[in-house]
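A single chain comes next, written as structure tokens; it is the form predicted on its own.
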Amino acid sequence: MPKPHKNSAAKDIVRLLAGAAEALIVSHTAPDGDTLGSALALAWTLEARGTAVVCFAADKAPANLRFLPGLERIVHTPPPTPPLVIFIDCADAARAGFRPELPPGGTTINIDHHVSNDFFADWNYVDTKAAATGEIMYGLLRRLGPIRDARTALCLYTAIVTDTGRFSFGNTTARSLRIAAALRPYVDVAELNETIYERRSLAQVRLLERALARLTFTADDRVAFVPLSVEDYAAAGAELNMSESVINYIRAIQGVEAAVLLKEAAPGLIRVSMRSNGAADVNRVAGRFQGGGHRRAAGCVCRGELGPVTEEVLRALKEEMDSGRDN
């Protein structure tokens, strides 16, 4: 078995996947299109080969992703742990939201693209040049055979299109577009785009209204931030995952170099999302709070009251931005 903190070869990962009789596929907390799409694509492929598969996510999927084929199969209570556990799009073990109790001889696999990944599994396949874990998953599944199943293709396309922001983010590469082109014959792109990005429930609109009412600027208007409390979600009749679009909305404001969304998931528990438009490395900021992600998109979970946590995160972000300017 390889030592931790070492990247494994694709052929070794594929060998483990192909030989599995049972597998538990784990998505990260506050799941997005990349972790869910990649996990379900893997589940469909392994099941077709005879593997008994269980998918787990600690949190429910956002409403705009509930079209994903197989989403209903995902369990939210930690199941018994089989000999093989596969973590999808998790930068560290804590991101999964539970700690599996492996049977003797059990194995863990970590498939991810985050620069903050700490190679926590027995076998790690981390490609930080990939725009999405969905790109990595596409390459692995292709080694198991041609991808001609519409369900698998839709899941993979969703993973890539969401993590590239409809191929508009700076992480989009020629590789992203080539994979999307290969999957395109199996995907109704217009319907997918409308479902993920254009439809809004009344609760989402009411939550956006409250978010904009709390929009504040700091650091000479270079930073825009929105703190949302438990009361805000309750007043809007919204779920926690309905605020994911807010961060991109405020990031797009002209002159803003960094945006922060702070979501009070429960009293004393704050989920923080950060985006950077410029030199600020929000992955390093998130790392100061045991979080991580990418240079321009990262997050963390903080313990404490919403006000003090907001001040602490903004202070760290401003220090990072000032440090970047000094360099």
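For every residue, the number given is its place in the sequence shown, counted from 1. Fair warning: this is a prediction, and the values are worked out from it, not measured in the lab.
Beyond the structure shown, there is the form predicted in complex with another copy of the chain, which is absent from this document and is the topic of what follows.
Note on contacts: among Leu208, Ala130, Ala238, Leu141, the single residue with a heavy atom within 4.5 Å of another copy of the chain in the predicted complex is Leu208. Out of the listed residues Val126, Val223, Ala121, Ala180, Ala180 is the one that sits within 4.5 Å of another copy of the chain in the predicted complex by at least one heavy atom. Annotated contacts: Phe56, Phe67 and Ala150 are all free of another copy of the chain in the predicted complex [non-hydrogen atom within 4.5 angstroms]. None of 215 to 223, 92 to 100, 68 to 76, 113 to 121 except one has non-hydrogen atoms within 4.5 angstroms of another copy of the chain in the predicted complex; the exception is 215 to 223. Contact annotation for Thr107: none of its heavy atoms lies within 4.5 Å of another copy of the chain in the predicted complex. Put simply, Leu202 is close to another copy of the chain in the predicted complex: some heavy atom of it is within 4.5 Å. A residue is said to contact a partner when one of its heavy atoms sits within 4.5 Å of a partner heavy atom; Ala190 meets this definition for another copy of the chain in the predicted complex.
Taking the partner from the other structure, another copy of the chain in the predicted complex has no heavy atom within 4.5 Å of any heavy atom of Ala234.
In sequence order, Arg166, Phe167, Ser168, Phe169, Gly170, Thr172, Thr173, Ala174, Leu177, Arg178, Ala180, Ala181 are the residues of 163 to 183 having a heavy atom within 4.5 Å of another copy of the chain in the predicted complex; the partner itself is omitted from this view.
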